[in-house]
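Listed next as structure tokens is one chain, alone, in the form predicted on its own.
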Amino acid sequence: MGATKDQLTQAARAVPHPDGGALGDGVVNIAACDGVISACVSLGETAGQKQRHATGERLIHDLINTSREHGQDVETCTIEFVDHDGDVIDRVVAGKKEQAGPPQDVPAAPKGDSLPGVKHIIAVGAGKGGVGKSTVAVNVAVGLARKGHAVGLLDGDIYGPSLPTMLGLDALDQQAIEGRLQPFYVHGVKAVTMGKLVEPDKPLIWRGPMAHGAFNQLTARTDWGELDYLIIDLPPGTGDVPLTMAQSLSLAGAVIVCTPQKVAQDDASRAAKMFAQLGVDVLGVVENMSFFIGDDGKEYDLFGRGGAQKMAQRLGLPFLGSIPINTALRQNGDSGDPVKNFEPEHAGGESLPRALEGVVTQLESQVALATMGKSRPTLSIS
């Protein structure tokens, strides 16, 4: 099974500090999965490079031994040292010393058939948090499954995974067979989330390489099987995870979630430009929380309905549809039963199910168009 995060953290905090005593709370974070260990450490301002490297090598030694004592060999162990601002100033990788420098351009990894058996990989992203990106990702996945597709859902928001709540996974335990994660099968969807691999009440603090490794392990070390669609719920913003995804996966495209108000449009526009720079097609924009439906059935344009649709038109992007918000949508999300959002008797009427089904249908069409564009016909003349 391998050592737990708590066991590794305890071992790391006992490593001697260059100034005396033990590292203790200087160990900022540790991540471990299937033989890959990453640790982030702050030594303070007094430690020099030689002291950092000596501490890193001792820390690697103790972490590897702790992991082996619990039945898990270690393929890679990376120690990153950070300053008081959280910037990486030095690193030791399995005994190899690498002084941190300015970020370098990272060459794109060969994509090809990045996840065998998965036909279409779709990223769901947003320029900012709080726009309901995870709600859209979950309901799109469930909607596709209801139409007969084999669907996977990856909670790529490793900083704030929300699928355990939204899919009702709290009582379930993550299983691994021969080093491969077995997805949960719930609501007709195969799902994997970092939220079931870490303690639920602890903050997730990831440096760049750690975020890169965590995302790659969730995608490549999951036993997805045969899928028509894999929906990836990305973290908000334009950070390390979208870059890792674009480099390592062959995407059908991305969906951008935006609420109607201008402040959300500004960030969504940046997300669209990010995907363009990464060479990822934008399949369309979803306007979430387009309007509020009261218990009396009356509609209220809280955020200015239509703003995200106008943004999509301005950027020349497909518009996939508008999704309202009501009390039922919130209740079904909190209770982990998204299927009810497609049932009028549990969704507060017809408006929400109709909107969700419309978005799913439009997304299917855009994926089909994107696929046609990538498979050009040829003409042979003899």
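All figures in this text were calculated on a predicted structure; none of them were measured in a lab. For every residue, the number given is its place in the sequence shown, counted from 1.
We do not show the form predicted in complex with a small molecule, though everything after this point is about it.
Although the partner is absent here, residue 166 sits close enough that one of its heavy atoms falls within 4.5 Å of the small molecule in the predicted bound form.
The shortest heavy atom separation between residue 334 and the small molecule in the predicted bound form is within 4.5 Å. Contact annotation for residue 288: at least one heavy atom lies within 4.5 Å of the small molecule in the predicted bound form.
Shown alone here, residue 129 lies within 4.5 Å of the small molecule in the predicted bound form, counting heavy atoms only. None of 190, 91, 120, 133 but one reaches within 4.5 angstroms of the small molecule in the predicted bound form through a heavy atom, and that residue is 133.
Note on contacts: among 59, 323, 32, 27, the single residue with a heavy atom within 4.5 Å of the small molecule in the predicted bound form is 323. Residues with any non-hydrogen atom within 4.5 angstroms of the small molecule in the predicted bound form fall in just one of 64-72, 342-350, 325-333, 310-318: 325-333.
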